[in-house]
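To begin, one chain is listed below as structure tokens, in the form predicted alone.
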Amino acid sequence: MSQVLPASISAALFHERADAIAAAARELAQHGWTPATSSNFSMRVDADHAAITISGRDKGKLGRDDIMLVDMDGKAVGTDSRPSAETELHTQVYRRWPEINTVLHTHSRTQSVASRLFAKDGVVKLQGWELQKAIHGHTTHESVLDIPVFPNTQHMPELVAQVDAWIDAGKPLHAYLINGHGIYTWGRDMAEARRHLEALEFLLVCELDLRRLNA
């Protein structure tokens, strides 16, 4: 079924978001970060809706028709297509931070291995790396950037509750890993979200290298 848009959303706006998501997904797939149709990507459309990848699509071959509209409860709008089971993790970010307009979730090998290695600690503590300055709000390598690692579950309300608990405890959150899974990060626009994702991938590689060299 084709996408039917609410009267408040123009086709041009939805297509702009859909094209941006599809292009980013294709590029990230070339890095090998979206194996076996994994990963999901979204962009805010307005205060009440987001565009997100349709479940089960090959991220290396996405086009406009592989993107659908959901409301901020993660429910499909104007289509019979099925969004990712993890859609609620995207809409949670949009609900918590109105300034955020893009959410990216990937499954690189580095992200997946790091999520297992640091799961027992519950956090990856990044400190002393110059590239921490690529993350919004961090202006020095002397800052501490904590990336929590949440236990994996197929029950999305549990994951949503874990993320909410971290934020409600007053802890800064720019990204998180899910054990045995991958990473979620976001930004005020696609460029910032991409910058965060690429910087965190690099920093996780560095942390894994240090663990290996110091073993």
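In this text, residue numbers run from 1 along the sequence as written. The structure presented is a predicted model; accordingly, all values stated were derived computationally and were not measured.
FYI, the form predicted in complex with a small molecule isn't displayed, but the following is about it.
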Exercise. Every residue in N40, S55 and H181 with a non-hydrogen atom within 4.5 Å of the small molecule in the predicted bound form?
Worked result: yes
For this session: Scan Q92, S81, S112, S84 and let me know which has any heavy atom within 4.5 Å of the small molecule in the predicted bound form.
Result: S84
Problem set entry | Contact test in the predicted bound form: A47 vs the small molecule, heavy atoms, 4.5 Å | no
Exercise. Is H138 close enough to the small molecule in the predicted bound form to count, meaning some heavy atom within 4.5 Å?
Worked result: no
Exercise. Is A169 a contact residue for the small molecule in the predicted bound form, using a 4.5 Å heavy atom cut-off?
Worked result: no
Exercise. Any of the heavy atoms of A165 lying within 4.5 Å of the small molecule in the predicted bound form?
Worked result: no
Problem set entry | Contact segment among 117-125, 69-77, 100-108, 140-148, judged by heavy atoms lying within 4.5 Å of the small molecule in the predicted bound form | 100-108
